[in-house]
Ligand code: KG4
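This document opens with one chain alone, in structure tokens, the form predicted on its own.
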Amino acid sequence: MLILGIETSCDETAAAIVEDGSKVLSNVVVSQINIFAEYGGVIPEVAARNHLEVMMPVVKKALSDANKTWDDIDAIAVTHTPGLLGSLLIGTLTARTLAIIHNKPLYAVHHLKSHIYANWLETEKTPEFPLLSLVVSGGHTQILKMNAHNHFEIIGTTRDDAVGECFDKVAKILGLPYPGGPAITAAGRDGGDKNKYNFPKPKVDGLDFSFSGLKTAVLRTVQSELGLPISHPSHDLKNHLNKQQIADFSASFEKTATDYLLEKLEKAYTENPETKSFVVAGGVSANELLREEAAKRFPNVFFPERKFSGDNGAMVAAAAYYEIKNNVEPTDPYKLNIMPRSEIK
């Protein structure tokens, strides 16, 4: 079964063709990172306009790279929610139109489900059920339990910021470029002392997360280290930091964030001892320290290939494949909304 997957939830315009939920025949991603690097984050209106410019060329290249035509495609899958509304609109309108024109079944797929299914792409060994999944990205931080394909139970979630957003904001405090995750890793590994600063871990009951306090703790520690008052603007702190301080703050923050994530996952394992596999998914799953520490702490832990960690069309196609295998009905392309009417204000 060949599925065309389309992903436009944030600032990547992506399309891919995947065979039987695992074999990636093509995977085209046009990123807007260079556009937003100078702003330190994504501007939704600009992102949507850039999706509009490259959407169809990306789809055509996905078909070309796979050496397939529309006659070969069995279904179309598209990220339906969550994400930036303007960006989602470009992807869903494209998918709906293509499904109508080429008479293909359409599957509207949840973005986080797609990230989890990235772990089934291009791998001989796949996760076993029941499993626990740690989903970590710029917009989400959750722990989910899966007893079977397409069965998801959220057992922990962030109450404020996501871990990826926290990485971006800490990087901005330290004067590091966007996106913050790779920049903090690079700075920390350039002679940084991960034990230099003892940042507090947020105290949240159960399996939920909180990252707003950790972000603030870094800000206050930087100000204190520099002998500056808390009223000193955060955007100016980078002008007072030396290279060693940036390296130490980066390494210490990354260690604290990683330990916090994995301690929550360990708690989830204690409450679900029948777990056979652990799946880490989302853009932050590419983090080197997170991969190293998770491999030490958990048996049978899975990470997607780094090229599938970020947003991409292949993961959307994989998620749709397992919906089809579970007899999920196709989406009516004439009625697809990017969010339920009850949520539209």
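One rule holds for the numbers: they count along the sequence shown, beginning at 1. All of these numbers come straight from a predicted model, not from anything done at the bench.
Below, we turn to the form predicted together with this ligand, even though it does not appear here.
Taking non-hydrogen atoms only, E122 never approaches this ligand to within 4.5 angstroms in the predicted bound form. Not displayed here, this ligand is kept clear of K215 by more than 4.5 Å at the level of heavy atoms in the predicted bound form. Though the partner is left out of this view, H111 does reach within 4.5 Å of this ligand in the predicted bound form, counting heavy atoms only.
Of the heavy atoms in V284, some are within 4.5 Å of this ligand in the predicted bound form.
The contact residue chosen from S137, Q142, T94, S250 relative to this ligand in the predicted bound form is S137, the criterion being a non-hydrogen atom within 4.5 angstroms. Note on contacts: among P182, G175, P127, P202, the single residue with a heavy atom within 4.5 Å of this ligand in the predicted bound form is P182. With the partner omitted here, the stretch from 23-31, 53-61, 292-300, 305-313 that lies within 4.5 Å of this ligand by heavy atoms in the predicted bound form is 305-313.
Annotation for 134-168: interface residues with this ligand in the predicted bound form are S137, G138, G139, G164, E165, F167, D168 [heavy atom within 4.5 Å].
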